[in-house]
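Below you will find one chain, with nothing else, as C-alpha cells; this is the form predicted alone, and questions on how it binds or moves follow later.
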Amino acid sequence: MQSDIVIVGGGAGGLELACKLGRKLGPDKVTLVDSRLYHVWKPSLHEVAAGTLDIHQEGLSYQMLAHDRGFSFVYGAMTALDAAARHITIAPVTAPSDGEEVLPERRLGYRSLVIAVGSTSNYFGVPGAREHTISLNATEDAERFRLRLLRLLAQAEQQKEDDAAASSGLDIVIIGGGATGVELAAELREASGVYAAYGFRRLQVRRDVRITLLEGAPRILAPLPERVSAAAARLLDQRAIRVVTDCRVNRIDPKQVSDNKGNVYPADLCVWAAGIRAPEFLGSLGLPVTKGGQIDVDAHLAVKGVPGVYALGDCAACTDGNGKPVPPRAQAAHQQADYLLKTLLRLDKGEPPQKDPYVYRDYGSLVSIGRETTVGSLMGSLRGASLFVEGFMARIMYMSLHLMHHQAVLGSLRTGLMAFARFLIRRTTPLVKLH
C-alpha cells in the first residue's frame, strides 16, 4: 500500500488534519491509520466513565468519516517505521472473542508521515498503580470504569436492602487534581444522584457514594490561575467531594490507597489521573525522543533528523515562542493540525515548507464542574492578561469547544444537525447509561 500523506492517530489533531486534507486532496493521497474503529473527543471521556454520555451514540466511525470527508482509513496499530524506505508497519488485527486474525500485518508507504498518537498514563513507578487503577486513556477504559461503577452501586443497594442500618456504600478515589480528575469527580457526583433515582433508591448518594480527590500539589488545577483553582475547590466542596492536597501517593492496593504521610484511603474504585507520557512504542521507532518519551520536533513540527516525518499533539515535544513546552491540550493539537495542513498542502504543490515556525497561542482553559457549571480563564490580547469565567456562560463556552471540534471534522451543517438530534435524544432516553 502507498499513500502520499499518512497520518497515524485519529485523535483531535490527527483526525482534524485528515479531514481537512481529505477534502482538498482526496483518498488517493491522504490515509489515516488508527488502532480503533471510531473516534471520541478525549476531553469527554469523563462523561463516558460517569455514564452521562453514551459512547455508542457519541462515537464517530472512521470509515464513515473517510467516505464522507475524502480520505482513506487503515485499521490497525503502527508497530514499526523504516524511515529510509519511507514505510510503516501496521500490526495484524484479531477478533477479541477468539483471537482469529481478521487483517494481516501490512506495510504502508508514504511521502510525508504525521505521527499523532496522543499520550498514555505516567504511573511514576508507584507500586500497584498500573494494576489497581483505571486510567481514562481511551473509550474502553471509560466503559470499564462505568460498568464497574454500576456493579458496585448494585452491590451497595443490595446490602442496604438486606440491612437498612448497614454502613455500606462505595468509596471512589481519584488520584490527580488536574482537569481530568476534577471533571470526573464532579460528573460522578451528579451522575450518582441520577443513578439513585433510576433504581438505587436506598442509597443516600452524598453519604453512601464517597468521592475523594488526591492531589500532590498545594492546590488542585495547579497550572491554572489561583482564582480558578479556588473556585473549583469551592464547587467540589459544595458537592460533598473530599479534596486532599499535598498528598503524595506511594502505594495502591486492591482496596486502598496509601500516601507518604501514612494516611490510608479506602478505595473500591480507583482512577489514576496524575500524569501522562508519550506511548512507549515511540522509543522503538528509531526517532529522537525526550526523557518523557515524546518525539523531538523542530520549530516546524518536523522530526529532527528524519526527513518527511512530522509529529503533533501530546506525543510531540515542541516549544512555544518563549521556549516553554507546549502543554498537552486539545487546543494545541488543533493549532498544530492547522499549521501542518498548510505545510503539507505546500509540499503537495511542489513548494517548499512554510518559513514561519509554529507558534502556540494560549486561549485559556475551561474546566467542567458537572452538567451546569464551568470555571476557567480566558486569555486576553495583552500578554499575561486573563479573564476569570464561571457559571452558565462558562458552561456554554465549554460546550462550544466540543462543537468546534465536530465542526472541523463533520462540517457546519452536520454538526448543527447532530447537536439538535442529541438535544432531542437526551429528552427521550435515560440521563445516564444503565446497561
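Residue positions are given as counts along the sequence shown, with the first one as 1. Bear in mind the structure is a predicted one, so any value in this text is a computation, not a measurement.
There is also a form predicted in complex with a small molecule; it is not shown, and the following applies to it.
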{"property": "Option touching the small molecule, based on a heavy atom within 4.5 Å in the predicted complex, out of 129, 297, 330, 221", "result": "330"}
{"property": "Partner-contacting position among 340, 116, 175, 257 - heavy atom within 4.5 Å of the small molecule in the predicted complex", "result": "116"}
{"property": "Residue 281 within 4.5 Å of the small molecule in the predicted complex, heavy atoms", "result": "yes"}
{"property": "Proximity of residue 390 to the small molecule in the predicted complex, heavy atoms at 4.5 Å", "result": "no"}
{"property": "Heavy atom of residue 76 within 4.5 Å of the small molecule in the predicted complex", "result": "yes"}
{"property": "Residue contact check: residue 228 to the small molecule in the predicted complex, 4.5 Å heavy atom", "result": "no"}
{"property": "Contact test, all of 9, 33 and 312, partner the small molecule in the predicted complex, heavy atom 4.5 Å", "result": "yes"}
{"property": "Option from 42-50, 22-30, 370-378, 63-71 whose residues, in the predicted complex, bring a heavy atom within 4.5 Å of the small molecule", "result": "42-50"}
